[in-house]
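In structure tokens, the next block holds one chain alone, the form predicted alone.
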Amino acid sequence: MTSILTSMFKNLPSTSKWALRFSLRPLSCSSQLRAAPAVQTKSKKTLAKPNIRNIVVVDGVRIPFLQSGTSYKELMPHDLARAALVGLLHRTSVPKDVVDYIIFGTVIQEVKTSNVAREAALGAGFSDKTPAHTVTMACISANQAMTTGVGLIASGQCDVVVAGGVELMSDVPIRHSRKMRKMMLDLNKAKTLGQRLSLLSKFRLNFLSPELPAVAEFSTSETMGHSADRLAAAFAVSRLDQDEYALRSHSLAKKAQDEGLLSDVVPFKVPGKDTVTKDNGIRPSSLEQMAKLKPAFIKPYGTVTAANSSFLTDGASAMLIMAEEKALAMGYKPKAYLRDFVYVSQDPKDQLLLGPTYATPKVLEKAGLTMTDIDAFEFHEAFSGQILANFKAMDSDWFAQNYMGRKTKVGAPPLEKFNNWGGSLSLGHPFGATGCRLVMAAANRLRKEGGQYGLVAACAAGGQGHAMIVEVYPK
């Protein structure tokens, strides 16, 4: 696909095909963005399939998600992952020797613990005979960890898998420049004083310029925030729309936190510091205060700001996944079934953040469901503009026909069923850990609200995406 968003952003608002299509109906207003009371749904068919093992989530936990640079800043990623594993062990009382395999997702790896799953498992007291590996798939890394575990159980290779994810943005790897690295490696190989002096004579001060990690696409060199700004412009999502949605996320998260609904959070005693018991990024404000912030990426006319974007977050999560017959034999009452899932991939330039739009209809078709069957939606909120642009794309026959090869739209999720306990904008987004939070939020909401099916979806760097159906376990 040609660089539509690039050209559209230059021409908005008067000539953009996307903007003309999507600016006719305002997506959000204050009344629409309030969460409505949950509606009890009648029992529907189960998604069990013949000759395929039922795979269940026994339970899942996460340590509090904290803004980077706060209480976790002196720790390493495996410390956070270990804390999530220990929390899961305490929550479920699962014997360590029963776990067949451990999988964690992460994005920005600490070089000393590149297989962070293994180091965290050993630190949490799991047997050194329990294999563990680490996966990476940007913001859907934990989703990949979960579905890898599902595959291991479905194939009969394992009965019990722990899946999770971790990210520590307080201490990301900062490298020497390539020229400096090359010189240091060559110096290490030099055998004589003359060879070393010859190499040192080529040193220049600019060799000392560090290479900083960036949340940017390698293939396009564009930051995700810049892409989100262009996406919001192309779909005619206003600054007010985005601020209202962000305020909704923070308000619902605060309400859920105050009412004790975020039951997946386990306390973490930070070494040398106090025990952390709750997420610290939830900050309900006012539209007036949010309107004062300047654009963060496209200046001075962009609409994405710090207030309507997810913040850099430290955190970890873990889930206990089992074959249903194993869980029942051990006396567990699972929370949910993990059902059908899909991964999708689009153009990383112009459709970087549209993963949910592409993944949702595919996973619904795979499961034989429709949007009206879904009782709880849990989508990853990278940016308000990203969520609202996905809503507009999902609710457009034109977009479905011209970009997705589909005859009709799938439809936008009803807001009364959507992220009712907050989302990544407010709870935080540790890149490698969010997927497990989404699934546990869906499972816990279904149990609390009396629903049967949840749909989890997320976008990810590289133009990729994921969606999964979660079915509540019968009470």
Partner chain sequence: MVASRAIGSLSRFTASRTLRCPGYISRNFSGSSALLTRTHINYGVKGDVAVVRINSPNSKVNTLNRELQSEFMEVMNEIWASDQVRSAVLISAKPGCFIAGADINMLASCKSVEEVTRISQEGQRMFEKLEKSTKPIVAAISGSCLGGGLELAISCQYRIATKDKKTVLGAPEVLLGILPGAGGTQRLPKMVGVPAAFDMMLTGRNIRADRAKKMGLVDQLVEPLGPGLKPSEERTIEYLEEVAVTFAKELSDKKLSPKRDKGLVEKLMSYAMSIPFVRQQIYKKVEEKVRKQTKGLYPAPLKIIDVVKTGIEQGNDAGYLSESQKFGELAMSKESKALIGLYHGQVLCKKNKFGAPQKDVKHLAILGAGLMGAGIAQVSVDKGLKTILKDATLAGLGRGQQQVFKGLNDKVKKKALTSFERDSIFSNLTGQLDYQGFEKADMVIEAVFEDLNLKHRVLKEVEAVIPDHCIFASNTSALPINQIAAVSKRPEKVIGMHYFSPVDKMQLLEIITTEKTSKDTTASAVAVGLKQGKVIIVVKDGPGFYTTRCLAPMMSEVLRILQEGVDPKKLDSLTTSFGFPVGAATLVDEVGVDVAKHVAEDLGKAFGERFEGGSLELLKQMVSRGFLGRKSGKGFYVYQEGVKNKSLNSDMDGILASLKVPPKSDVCSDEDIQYRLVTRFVNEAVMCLQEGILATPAEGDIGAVFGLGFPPCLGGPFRYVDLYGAQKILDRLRRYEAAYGKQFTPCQLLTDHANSPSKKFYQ
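No experiment lies behind these values; they were computed from the predicted model shown. Residue numbers count along the first chain shown, from 1.
There is another form of this protein, the form predicted together with its partner chain, and it is not shown here; the text below is about that form.
- Of the residues given (255, 226, 91, 326), 226 alone sits with a heavy atom within 4.5 Å of its partner chain in the model of the complex.
- Checked against its partner chain in the model of the complex, the residues 79, 375, 350, 264 give one hit for a heavy atom within 4.5 Å, which is 350.
- Among residues of the shown chain, residue 300 is one whose heavy atoms approach its partner chain to within 4.5 Å in the model of the complex.
- Remark: residue 383 does not count among the residues lining its partner chain in the model of the complex, judged by a heavy atom distance of 4.5 Å or less.
- Its partner chain in the model of the complex comes within 4.5 Å of a heavy atom belonging to residue 392.
- At the 4.5 Å threshold, heavy atoms of residue 236 reach its partner chain in the model of the complex.
- From the list 129-137, 246-254, 396-404, 277-285, the contact stretch for its partner chain in the model of the complex under a 4.5 Å heavy atom rule is 396-404.
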